[in-house]
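Consider the single chain below, provided in structure tokens and representing the form predicted alone.
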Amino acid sequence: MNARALFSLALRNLLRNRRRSLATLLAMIVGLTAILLFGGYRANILYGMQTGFVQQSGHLQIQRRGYFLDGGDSPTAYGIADYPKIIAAIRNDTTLAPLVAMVTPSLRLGGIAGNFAAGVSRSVMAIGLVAQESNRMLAWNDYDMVSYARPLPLAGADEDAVVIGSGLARKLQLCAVLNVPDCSQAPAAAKAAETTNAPDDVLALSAQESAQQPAAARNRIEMLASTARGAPNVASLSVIEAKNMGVKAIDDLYMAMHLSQAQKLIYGASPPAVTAIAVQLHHTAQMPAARTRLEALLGSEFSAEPLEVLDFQTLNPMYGQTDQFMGSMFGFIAVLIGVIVLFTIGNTMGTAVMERTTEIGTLRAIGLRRSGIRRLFMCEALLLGAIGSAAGLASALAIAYAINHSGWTWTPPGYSYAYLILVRVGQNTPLLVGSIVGMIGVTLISAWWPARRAARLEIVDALRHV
């Protein structure tokens, strides 16, 4: 029996019992739709997280060895002094240059910010950066995601300009001047208590700084930091914008300033340094090659400094944790649906063998071999899998389109604003291919035993079966 005749006969056999075939197809369609939708939702979350992390910190970061684990509270002990030479070497390297989209330095520091006109102060985690280069990094969107990143208004602003988190603006009583919503002013008693809790050296240095400058504007704050020699240093800063950072814990501490301003606070007149050099690539798939070359470059030309290269997954453990959690959930759902489809199709094919025992005996009597019987039932299963996969794919794409245009949002745990609920089905080729191949594979596996049992029937027993 040739392939065309085999498929024609298999299709007619499926149409002989339309109700049972339709019930089997519905199980496959619902199962594949569920797998594709959840897989698309998982992909959207992971791609969204990756986009955000790469926009903020790059694909790779060069740091002094040990800074990531132990140096967050002591940036001066882990500073990279030769960072201009390292950046120039990366930009001029013939292997790295085609891969790199942006390379930029940054300096992270901690301190105390105070709005002493309102009588409040707050611990902050600040970052000094090159505004134009950081804004170019925020434009990276290799996966065409809905990006929530907005350029920092520091580009072109005065050297003393800073951007703070909206939560920090509330703590510093800057809501009115920065137009921060949902802000309640602390009562006078609370303000007095907070002022009393401020360190004496902060108040003294703030008073000295204010005496040397014109009358402070309503958006001016002071920041105290420890210099490389351990002495306190204070700077008067102008807050030009409050930015919602998404994560509340970060929003309550975040401050961004010009790199030169941060270096003055930490190093004063000493030679400046940075705590990290971010390397953003054109595509995430280029990370292994770029990392290998970058480590070789640092080891050969800058071996005097103990430097290491960290990827965005190491810098942001939340990404790997989320990937593992979503992967385990996806695997559980896929296995559960696969088992359901396996037994559904197995039951359908087993029933078909029982009902067509006489027909099987007739086919065997006219010369069809056992292998031909097996191929016939496997062909029926293949048709069921192909039709169910096509219908399931169409259903998933239609539902995904409806979800993506519904405007539904949700607020993840620990975040301060809502994100759109989106699913990436049509754009995720590995998910599509893997799910369809998996569904067809489960269909063939579930049909193998009934097909084997049908092929092993004796001709005489099959012909006299009633």
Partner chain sequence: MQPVSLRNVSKVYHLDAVEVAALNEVSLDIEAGRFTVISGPSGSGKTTLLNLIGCIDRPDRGEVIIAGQAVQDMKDDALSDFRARHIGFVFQNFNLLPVLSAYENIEYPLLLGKVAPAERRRRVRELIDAVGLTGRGDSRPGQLSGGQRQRVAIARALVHSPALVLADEPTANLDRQTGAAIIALMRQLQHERGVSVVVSSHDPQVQAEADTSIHIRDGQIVDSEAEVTA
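Because the structure is predicted, anything quoted here is derived from the model rather than measured. Numbering follows the first chain given and starts at 1.
Quick note: we don't show the form predicted together with its partner chain, though the next part is all about it.
Using a 4.5 angstroms limit between non-hydrogen atoms, Arg369 touches its partner chain in the predicted complex. Residue contact with its partner chain in the predicted complex: Thr358 places a heavy atom within 4.5 Å of it.
Taking non-hydrogen atoms only, Arg16 approaches its partner chain to within 4.5 angstroms in the predicted complex. Among residues of the shown chain, Ala23 is not one whose heavy atoms approach its partner chain to within 4.5 Å in the predicted complex. Contact with its partner chain in the predicted complex, judged by any heavy atom within 4.5 Å, is made by just one of Leu363, Ala157, Met145, Leu383: Leu363. For a residue to qualify, one of its non-hydrogen atoms must sit within 4.5 Å of its partner chain in the predicted complex; all three of Ala5, Val460 and Leu463 qualify.
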